[in-house]
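Here you get one chain, nothing else, as structure tokens; it is the form predicted on its own.
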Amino acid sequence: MVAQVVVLEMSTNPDVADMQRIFHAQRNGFQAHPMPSLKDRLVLLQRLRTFLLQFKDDLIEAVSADFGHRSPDETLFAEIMTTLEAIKYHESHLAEWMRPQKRQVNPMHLPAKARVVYQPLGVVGIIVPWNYPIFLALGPLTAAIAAGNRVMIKMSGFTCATASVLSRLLAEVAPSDVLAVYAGRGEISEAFSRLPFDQLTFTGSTEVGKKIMTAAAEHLTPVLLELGGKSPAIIHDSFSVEMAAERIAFGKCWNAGQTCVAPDYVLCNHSRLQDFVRAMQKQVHAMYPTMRENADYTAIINEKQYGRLQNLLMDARKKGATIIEINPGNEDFSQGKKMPLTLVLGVTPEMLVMQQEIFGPVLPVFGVSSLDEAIAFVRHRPRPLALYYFDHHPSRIAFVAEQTHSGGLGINEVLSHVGIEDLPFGGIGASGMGRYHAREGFLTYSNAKAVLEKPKLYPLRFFLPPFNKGLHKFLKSYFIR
């Protein structure tokens, strides 16, 4: 077999040149060992778990430093615990997933044996956003190494402290020709996306996702995109607004709304709008009696994102929206990067708050007259990463599931479907393509190779040219039966 040859023009930037050197080392290492055993993969997963536990306090501190303040409990729960559960899930299923699958052979090809063999792709690139830098680095990493790949990770330039800790952590798990971590922006980001990976996973904005696909197309690199979008929450008239507010407030305040599957806007009946607003105010007061100095409430990642959110509110106010700031402690937020949860009523499609993914503690609330109107509203917009529906009626739930398209559907919940490791996670249309988590993740990072094996007996020799009356008779009997 002739190994695939990849030639890169070496950069004069020393950081980019080092990245290219590591890529070649990983590619050469994979060529030498193209099919890691079950034991090899389990050892990596076990070491990842061991060192994640060892470095967890350093990671919590680093993420908080990157954010200006990030709730330690949010990091522990949403990033570290969730990653540990993913590792455990892969360990328990990996032997089954790696086993070749027998497939049927149709009669005209007998005797033969057919099977699917799952091989690693090779070197996988993972581009990580800033909002969940641990989980969105180690989640896809877990699936990629379970599938037998070598991995290079590019962290956001906004989370350099976290990248530094992750780099030390993964250096303990495996050498750089197996796992490597990079951080930075500009030339580093562009050079990383242009490496000829065997698969590239990107989580981030739709705008950047288009650029990633363009760069990957140069080498025909398959791409998994997790892009987000505007995830709606629909509350049926029969559902308790207090219960809906409890769950929506949790999802919108968690990580200060900086979550790709956070509810982006709410649709409820006109007659219940004020009830929902009051219920949201009551729930936020209960969760966060104060916010500015509250360790449970996370800051906006940086001044750029903070300014973007303020601009969304300014634009909505100028265009006639009603802004309701939920500030339980009547605190001054003019300094720092924390923002209280803010409801926006009287929203119109022309407002920026309905044209951009919000990605922060701002929540538009729309009044509708019926479930059909709510569904039509959603269907006339780009397909979201998640849709949330609040109802207890089985037939209506089935109707919403059938009549809407989204990456995931949460019934009477928000966010938590992402933490169910046995469910695939991904977007559709404008919210992304491809899936990871569950077996789907293993398949994403594997080559499902079709294998057909013939014995010495070879009946097809009777159908080789020159074609004769026997073949004509066989074909005639096949098509007239």
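Each residue number is its position in the shown sequence, starting from 1. Everything numeric here is computed off the predicted structure, so don't read it as measured data.
Keep in mind the form predicted in complex with a small molecule is missing from the figure; the text below concerns it.
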query	finding
Residues N131, S193 and F202 all lining the small molecule in the predicted complex, heavy atom within 4.5 Å	yes
Contact stretch among 88 to 96, 202 to 210, 390 to 398, 347 to 355 - heavy atom within 4.5 Å of the small molecule in the predicted complex	202 to 210
Close approach of L179 to the small molecule in the predicted complex, 4.5 Å, heavy atom	no
Exercise: M339 in contact with the small molecule in the predicted complex, heavy atom 4.5 Å	no
Heavy atom of S156 within 4.5 Å of the small molecule in the predicted complex	yes
Distance check, Q119 to the small molecule in the predicted complex, heavy atom within 4.5 Å	no
Candidate from P72, G184, P222, P382 lying within 4.5 Å of the small molecule in the predicted complex - any heavy atom	G184
Heavy atom within 4.5 Å of the small molecule in the predicted complex - the one residue of L138, L166, C260, V151 that qualifies	C260
